[in-house]
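Only one chain is given next, in structure tokens, and it is the form predicted alone.
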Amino acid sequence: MKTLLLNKEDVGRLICMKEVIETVEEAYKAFNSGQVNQPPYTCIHLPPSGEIDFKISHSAANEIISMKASSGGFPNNPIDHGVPSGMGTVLLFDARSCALICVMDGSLLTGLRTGAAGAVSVKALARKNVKTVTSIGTGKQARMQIRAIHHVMKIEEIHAWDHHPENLARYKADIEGEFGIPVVMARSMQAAVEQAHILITTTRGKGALVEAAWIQPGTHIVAMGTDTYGKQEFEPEIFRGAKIVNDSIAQCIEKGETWHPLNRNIIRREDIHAELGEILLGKKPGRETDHEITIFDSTGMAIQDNTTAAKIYRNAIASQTGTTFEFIS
């Protein structure tokens, strides 16, 4: 049999953000419908700041097994090794035979499905007709969040903050050039957060960056930066009285932002309102008032990689994109 090989350029041509949003919704629904086998993911920390995650899942809906290796935190890679600071690779197996059917670049896929996750949470949990987004962090994922959320709401203004003024200025120029949405470079993190209808955080934070006193009633928080032990972006007090929604409760109470208020006894396990798939399936309500603060804590799930990669694979087969090689004779 032949195995399909798809590089980053192939992946970029084979799927659009609208399709990714649809596949991520599909993933959350499948997860909360008993159609997914998703073992806990493994993270190996590599000093001084690097890490590599391994995420595996099986979807009964598409009979695909996916395995993704994703690395990050290697700033010297381009100079020392001639490769990016973060990389990803996805393997797809036919669950009926366990034959390897596809090897594809996973770096762009990870960025796309993470951005789409934020957009799905906005659809389910943000107030209707909100117009202002705040971005804490201005890197690749901060931009991807805007690209995805732009598909589900009309963004009229973005308030942004970054530790590094040059990064903030570059973000403003890039976002305004791509979308024509005005970007306000905030004088402080507090000033940016206080303007948020939707607050996106995409830092590699190691402490409570965002304070509870800054969060306005009715804010929807898209917490993307904390996905493993040792990371934190929010003062745990923010979770007290908020509507807390996880992608996977099992992951978030161990490796997500939700761990911090649990560890401080600010909330209990039963204070977590739902997993996002439960809301999408109508098993639990989403936002119920314009005043409640909603938090989507996302650690990233292997099933998101699975459904997105499966769609890319199907599109590749239909369009005869990529190259093949004989892996199993």
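Quick caveat: nothing in here was measured; it's all calculated off a predicted structure. Superpose the two forms; the largest set of C-alphas matching within 1.5 Å is the rigid core. Position 1 is the first residue in the sequence shown; the rest follow in order.
We do not show the form predicted together with a further copy of the same chain, though everything after this point is about it.
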Counting only non-hydrogen atoms, the one stretch of 250-258, 154-162, 181-189, 89-97 within 4.5 angstroms of a further copy of the same chain in the predicted bound form is 89-97
Scan I56, I267, L281, A61 and let me know which has any heavy atom within 4.5 Å of a further copy of the same chain in the predicted bound form.
I56
Heavy atom of A212 within 4.5 Å of a further copy of the same chain in the predicted bound form:
no
Should I52 be classed as touching a further copy of the same chain in the predicted bound form when contacts are defined as heavy atoms within 4.5 Å?
yes
How about T138 - does it come within 4.5 Å of a further copy of the same chain in the predicted bound form, if we only consider non-hydrogen atoms?
no
Taking heavy atoms only, is V103 within 4.5 angstroms of a further copy of the same chain in the predicted bound form?
yes
Which residues from 59-81 come close to a further copy of the same chain in the predicted bound form, meaning a heavy atom within 4.5 Å?
I65, M67, A69, S71, F74, N77, H81
Superposing on the rigid core, I want to see if K283 changes position between this form and the one not shown - specifically a Cα shift of 2 Å or more.
no
Superposing on the rigid core, is the CA of S33 displaced by 2 Å or more between this form and the one not shown?
no
Displaced residue check between this form and the one not shown: R269, CA, 2 Å or over, core reference
no
